[in-house]
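Form predicted alone, single chain, as structure tokens, below.
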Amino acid sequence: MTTTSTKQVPRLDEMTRSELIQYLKDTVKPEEGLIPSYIFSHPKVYELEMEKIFLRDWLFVAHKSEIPNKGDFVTREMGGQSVIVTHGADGEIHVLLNVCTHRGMKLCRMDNGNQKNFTCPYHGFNFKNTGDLIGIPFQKVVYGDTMDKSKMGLKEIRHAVYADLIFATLDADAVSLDEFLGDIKWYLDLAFNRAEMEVVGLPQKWNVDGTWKLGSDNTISDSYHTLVSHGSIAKLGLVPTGDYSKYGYQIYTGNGHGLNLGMPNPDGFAFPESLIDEYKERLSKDQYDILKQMKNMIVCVSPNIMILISSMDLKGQKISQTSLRIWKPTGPDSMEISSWVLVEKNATEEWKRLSEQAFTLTFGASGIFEQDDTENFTDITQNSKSPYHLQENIVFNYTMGMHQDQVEDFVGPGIVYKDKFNEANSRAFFRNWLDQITAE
């Protein structure tokens, strides 16, 4: 008699690429609401994500207000590759590979600044902020007449702008940004085109021992967790009741993009009333009607962008805060979060200050909401790493809302459900994710 089990742990790391893709197709079942645990931390899945998603999709790299003047720049990362986003001397935006074309050294190590030129710290090759190579130490001596500097400029990454959001893609054959965003643009307008917006200060950054997908999943679908994870906010009086997060709509707009729209707002208009004329001028009537009633809006732009508008009473005033963050993967089980807060450029300085405070109190690195969510992301990721989960094919349940019918008369585009306690958006997100990483 033996007590040894005959069960085998699937060895994903020993599978061929085709076998791994088939295993994913066989075990990830978004339409049934069954998402296996292992996808949240397995290194082989992460490798596919980096290749099939982060080297292919349009990724957010900066807001135009971060680089208002010629020479301004910020450095960002996309698909594991550092890039420099510059406001060039020619007045144009450039997204440049942060790699010297001579020997591959990283040109710029600063997060931001103002530079006419970037000089390689290895051998001194000098590039304009437009990417052109303009100087080589001892060029005549070491190269004679053989070096053509016009062919040695920094590699320009394909980029485009919507609502002052600068996106870039490492895939020259990707669809246009307009096609990639699709109907989510209607809702991005509420966040970034309702008025002239500007970033306040530098982005906050912090690291979390959790996978990036949990951030996007939480953003696109999960208002349900607010009842428990963020239950303390109702006790503190920051929201009227614990179930406030239920009311509104859940909307999916395709390509992995979607949102939860909280409305109506029992506290009234949460934006600067002095800017109502500007809102009406820049938004359609339907968009402005939504803005008037908005309590909050949480948008996921696939793969890893979260856009948030939320409102609260602060120091006797109704204050909204608008923020954008990215869940940047740094490994199969870790990510870096970068978060920007934006305000209406034409709002009063007092309103801007209070809006930034509202962000810091709630969704900043030390905010109430942030600490709650970080614990969830960390523990789920840690649990998913156990070989037992692979052996037993442990799955997470995403069936909430399968019994609900769509709303047909909502004014905005997308597949719409009444109320936000629903996991339809997560099912759609993981369908899009699966299609991307299993594409041949």
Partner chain sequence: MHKNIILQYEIEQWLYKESELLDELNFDGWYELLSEEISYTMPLRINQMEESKPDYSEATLLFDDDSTTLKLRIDRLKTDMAWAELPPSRTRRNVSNVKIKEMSENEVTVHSNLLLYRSRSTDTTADLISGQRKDVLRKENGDWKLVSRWFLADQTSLGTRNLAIFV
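Positions refer to the first chain, counted from 1. Just so it is clear, the model here is predicted, and its values are computed rather than measured.
This protein has a second form, the form predicted together with its partner chain, left out of what is shown; the following refers to that one.
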item	value
N129: touches its partner chain in the model of the complex, heavy atom cutoff 4.5 angstroms	no
Partner proximity in the model of the complex: R353 to its partner chain, non-hydrogen atom cutoff 4.5 Å	yes
4.5 Å heavy atom contact, P203 and its partner chain in the model of the complex	yes
Any non-hydrogen atom of N397 within 4.5 angstroms of its partner chain in the model of the complex	no
Partner-contacting position among E198, E336, D189, D183 - heavy atom within 4.5 Å of its partner chain in the model of the complex	E336
Sole residue of K285, K151, K155, K235 within 4.5 Å of its partner chain in the model of the complex, by heavy atom	K235
Stretch from 303-311, 161-169, 206-214, 139-147 whose residues place a heavy atom within 4.5 Å of its partner chain in the model of the complex	206-214
Complete contact of K315, D372 and E375 with its partner chain in the model of the complex (any heavy atom, 4.5 Å)	yes
Residues within stretch 173-197 having a non-hydrogen atom within 4.5 Å of its partner chain in the model of the complex	none
